[in-house]
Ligand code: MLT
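Single chain ahead, by itself, as structure tokens, in the form predicted on its own.
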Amino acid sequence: MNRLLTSLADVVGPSHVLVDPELTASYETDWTGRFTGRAPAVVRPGSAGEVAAVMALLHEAGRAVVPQGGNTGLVGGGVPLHGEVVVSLRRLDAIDEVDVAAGQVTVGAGATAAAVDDAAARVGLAFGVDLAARQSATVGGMVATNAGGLRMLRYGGMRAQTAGVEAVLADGRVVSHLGGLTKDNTGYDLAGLLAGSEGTLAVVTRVRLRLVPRLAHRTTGLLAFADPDAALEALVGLRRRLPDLLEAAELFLADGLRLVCGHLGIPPPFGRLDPVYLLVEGAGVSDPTEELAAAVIEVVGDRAPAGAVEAEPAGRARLWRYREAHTEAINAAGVPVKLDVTLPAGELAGFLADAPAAVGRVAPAARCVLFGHAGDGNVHVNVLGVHEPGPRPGTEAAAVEDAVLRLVAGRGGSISSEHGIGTAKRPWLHLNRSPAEIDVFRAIKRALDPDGILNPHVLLPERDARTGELG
């Protein structure tokens, strides 16, 4: 290992090969605090060429690797749980000049979502994916998990934004296709394949991103409802009424808002806690306030006992704070079991009603906090008060995960919406993917990483050594 560390230092510089536990600690624990490992080294290359040289050395040494971006994942997919070497891409943060004619930009894997959007803003464009962790989440990690975020309703997720990719294979070879042509039928779509691959196929180093028009005017509305059915019925009407205006539709409940208000020391909207809240935002080239307000009156009517519409930035930020502060308020209350899932539109209200009871049957003292992106059926399930919230099998946390994910699959949903499978959800992949599909996944993995050194303990489920069954 000492010889390997010396060789790695020759490539990236001694200051970018970290072995001191005090320096590696921030790379070894995920965003939730549930998943923690120990890396023999954290290597921080500064270019695609350095990534290629690093991977060639690690491949020759047979060392397993975890590629890591901003480390904002929630499923243990980007931390060294089995003693892997961490290859951090944060230094690859260069952003090229925006190609205004194409509406695209090429960026390094370590560029944050906020930095990309800032660069696009300077020429009147925007990055179509936005999320609460925008200051930390990196483009490479967002591609690896096919992140969606707050504007999925209008623009789609990272796969839809990715027009080209540069990546380093396990053995150090570089594949690069960054032209960004709208029509390019010259073979397999490697960018589409790597989106959602969770670092198991290659290390993404640069991405060609599609940008969207920067809409100058925004209006945000917050509506209170008596139950999820009423809120979701109102959303269906608003989407029909405002097909070209609606950009975000977020849902949260009284339990989560109570945590937020207590954490921030602010009063609830409308001076009370209502059972369900729907936050919607419209954006356009002209002021959408009157159109959004008229749609709310026409579509929602008396179904919402209270509501507010804000067009000024300060007012909009105040309404958004109720939604975006959920994660920090939950984390301040304890170490949660976090599960991001997707439900079909017709099953979403039923899931919101059934999930707390399903959790309560296996963890009676637990507290279930639900919120998410109502426009695409994505629910963030957060469970506080779980005994032994770590990822070990046989714990109360594992029972909670099993109960929630089986409930999701039983209602025709996906066990992972935007953070991937990682380590946390490997035992349940079979709920959404058939044995034939999983075999195809394994074949693709073998083709691109025959020695299995890239993130070998995520996504694909283990096989029981005795029975051969997936688990």
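Worth saying up front: this structure is predicted, and the values here are computed from it rather than measured. Sequential numbering from 1, following the sequence displayed.
FYI, the form predicted in complex with D-malate (MLT) isn't displayed, but the following is about it.
T395: touches D-malate (MLT) in the model of the complex, heavy atom cutoff 4.5 angstroms: Judged by the heavy-atom cut-off of 4.5 Å, T395 is well away from D-malate (MLT) in the model of the complex.
4.5 angstroms heavy atom contact with D-malate (MLT) in the model of the complex for K425: No, K425 stays farther than 4.5 Å from D-malate (MLT) in the model of the complex.
4.5 Å heavy atom contact, H419 to D-malate (MLT) in the model of the complex: Yes.
Residue contact check: T327 to D-malate (MLT) in the model of the complex, 4.5 Å heavy atom: Flag for T327 set to yes.
D-malate (MLT) in the model of the complex reached by all of R134, L279 and W320, non-hydrogen atom within 4.5 Å: None of them does, since no heavy atom lies within 4.5 Å of the partner.
Interface stretch in the model of the complex with D-malate (MLT) - options 161-169, 397-405, 372-380, 251-259, non-hydrogen atom within 4.5 Å: Single hit among the candidates: 372-380.
Candidate from L74, V107, L223, V341 lying within 4.5 Å of D-malate (MLT) in the model of the complex - any heavy atom: Exactly one listed residue reaches within 4.5 Å, namely L74.
Contacts with D-malate (MLT) in the model of the complex, stretch 246-262 (heavy atom within 4.5 Å): Nothing in the stretch sits within 4.5 Å of the partner.
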